[in-house]
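For reference, the chain that follows is the form predicted on its own, supplied as structure tokens.
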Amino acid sequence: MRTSRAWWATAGVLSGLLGLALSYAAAALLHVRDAPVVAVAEGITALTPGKVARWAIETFDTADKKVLVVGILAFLLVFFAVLGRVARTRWWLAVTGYVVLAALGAVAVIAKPNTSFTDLAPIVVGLLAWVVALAALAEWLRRWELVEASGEPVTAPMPSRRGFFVASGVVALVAACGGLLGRVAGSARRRAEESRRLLRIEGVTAPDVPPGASLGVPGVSPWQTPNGPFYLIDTAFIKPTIAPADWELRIHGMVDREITLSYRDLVSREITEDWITLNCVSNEVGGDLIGNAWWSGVRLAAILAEAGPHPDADAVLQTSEDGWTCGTPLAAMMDERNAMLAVAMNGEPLPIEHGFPVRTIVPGLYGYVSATKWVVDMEVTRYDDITAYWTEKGWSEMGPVKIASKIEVPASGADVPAGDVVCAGVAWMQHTGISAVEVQVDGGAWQRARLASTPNVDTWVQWQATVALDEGDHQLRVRAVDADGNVQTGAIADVVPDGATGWHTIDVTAKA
């Protein structure tokens, strides 16, 4: 009996993998966006305290979601092995373990918005696969153990042992096929990509970088950020894939008239286009979670005016297709700034990762309170009556961007030739604009930099200065002044709760 005991853990793992693979395949076949493991991962993310979430982002960067999924899978493999061992003597306890796992998955799926019974089907499929597979493998293992327990000499291969290995092979093969089927059947993204590729939006034009916007200094971020390297921050483990024909936006709540817009309704309106810089509240001083693009869409002010917000409303609770929420000041969506429902980025339909088919852009606000990708719902309301994803994790309710600047040339830690050295970078203060940038060497006097031109106050601006550096080690700092005369603060503050502050500082060595 001892010789077959270890195989119970193997049976548990094989059964567990089969259930996961078939639930994944069922989710793909039924066009359910959240397979159970993904739903649980997103549920864990939603419940994660703000400090822990920030630590994960800082530690793992863009791989934080992959790390969490791998961690969940590793836990499941161990748990499946334990259930296999438990099934040897307490079958009911193993089944209870499977039911508990399925229940956790169901809770995670039900917590998502607009859940239907179809969304729970992959969990039911996985649970049945777990129980049936383990029962089949357990039957062969018990026959194997009975033969060993009899003490009779075995002169030929035991049918029970051979049966267990054959059954294990079948389970492993079906699991592999299930995973492959899920991969092949997961065509939602391919369909969305195809519809995006074929989409032509009247009124959307190709970007043309304004004359004088770029100073042409090598090493400084391009004034226009291409779609590919544009920074990505979101909580979706699997990006929602919505065909334009299936997209709708509901505007409701404290309004005189509820509005539901289809994609066709939206793009039939007048298209507005503008250069707008977006940056993340998690961007550290001198960080790269920032980009500037040519956005095309429909102004929100006119749409919200049609709905007729009540006089005492002061917020809009936005909801994404994946359930992410943010609270945006109603005034910021209805004033003169070009807040829009964006449908194109740099002259092309939005990439899926950036919110295809429709996302929200509100200049002058950090993304966590404004830039909702895959937006499907807007509730006009009051801040007193709502909470949103990041505010529940310790970030502030309002998120106006702060004056910021950074040095990109020379790089921190670089060796430069002694003498006159070119120092350059970018500065930004969306919805207000930048009037000046100043550079400081070794704590001395602030020196004004030359600014490039900008088409509006909602974009970043490139700057350049020439500083004299004697041979040796030096420290360079930069600060910006906005169009209202406010000077960027040197006080160091963390990104929590409403954005980092401080002067970007680098060290260089000047050599003869």
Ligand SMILES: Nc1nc2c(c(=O)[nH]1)N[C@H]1C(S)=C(S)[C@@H](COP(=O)(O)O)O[C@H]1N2
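In this text, residue numbers run from 1 along the sequence as written. Quick caveat: nothing in here was measured; it's all calculated off a predicted structure.
What comes next is about the form predicted in complex with the ligand, which is not displayed.
Peer 1: Quick one: of Ala427, Val298, Leu101, Leu278, which gets a non-hydrogen atom within 4.5 angstroms of the ligand in the predicted bound form?
Peer 2: Here the answer is residue option Leu278.
Peer 1: Though the ligand is not shown, can you say which of Ala339, Ala371, Ala344, Leu127 has a heavy atom within 4.5 Å of it in the predicted bound form?
Peer 2: Checking each option against the ligand in the predicted bound form, the one that comes within 4.5 Å is Ala371.
Peer 1: My question is simply whether Gly178 lines the interface with the ligand in the predicted bound form - judged by any non-hydrogen atom within 4.5 Å.
Peer 2: No, Gly178 sits far enough from the ligand in the predicted bound form that none of its heavy atoms falls within 4.5 Å.
Peer 1: May I ask you to state whether Ser396 is within 4.5 Å of the ligand in the predicted bound form, using heavy atom distances?
Peer 2: The answer is no: Ser396 has no heavy atom within 4.5 Å of the ligand.
Peer 1: Is there any non-hydrogen atom of Leu120 lying within 4.5 Å of the ligand in the predicted bound form?
Peer 2: No, Leu120 sits far enough from the ligand in the predicted bound form that none of its heavy atoms falls within 4.5 Å.
Peer 1: State yes or no: in the predicted bound form, is some non-hydrogen atom of Lys406 no more than 4.5 angstroms from a non-hydrogen atom of the ligand?
Peer 2: No, Lys406 sits far enough from the ligand in the predicted bound form that none of its heavy atoms falls within 4.5 Å.
Peer 1: If contact means a heavy atom within 4.5 Å, which one of 361-369, 90-98, 161-169, 406-414 is the stretch that engages the ligand in the predicted bound form?
Peer 2: Going through the listed ranges, the match is 361-369.
Peer 1: Could you run down 216-237 and flag each residue that has a heavy atom within 4.5 Å of the ligand in the predicted bound form?
Peer 2: Read in sequence order, the residues that approach the ligand (within 4.5 Å, in the predicted bound form) are Phe230, Tyr231, Leu232, Ile233, Asp234, Thr235.
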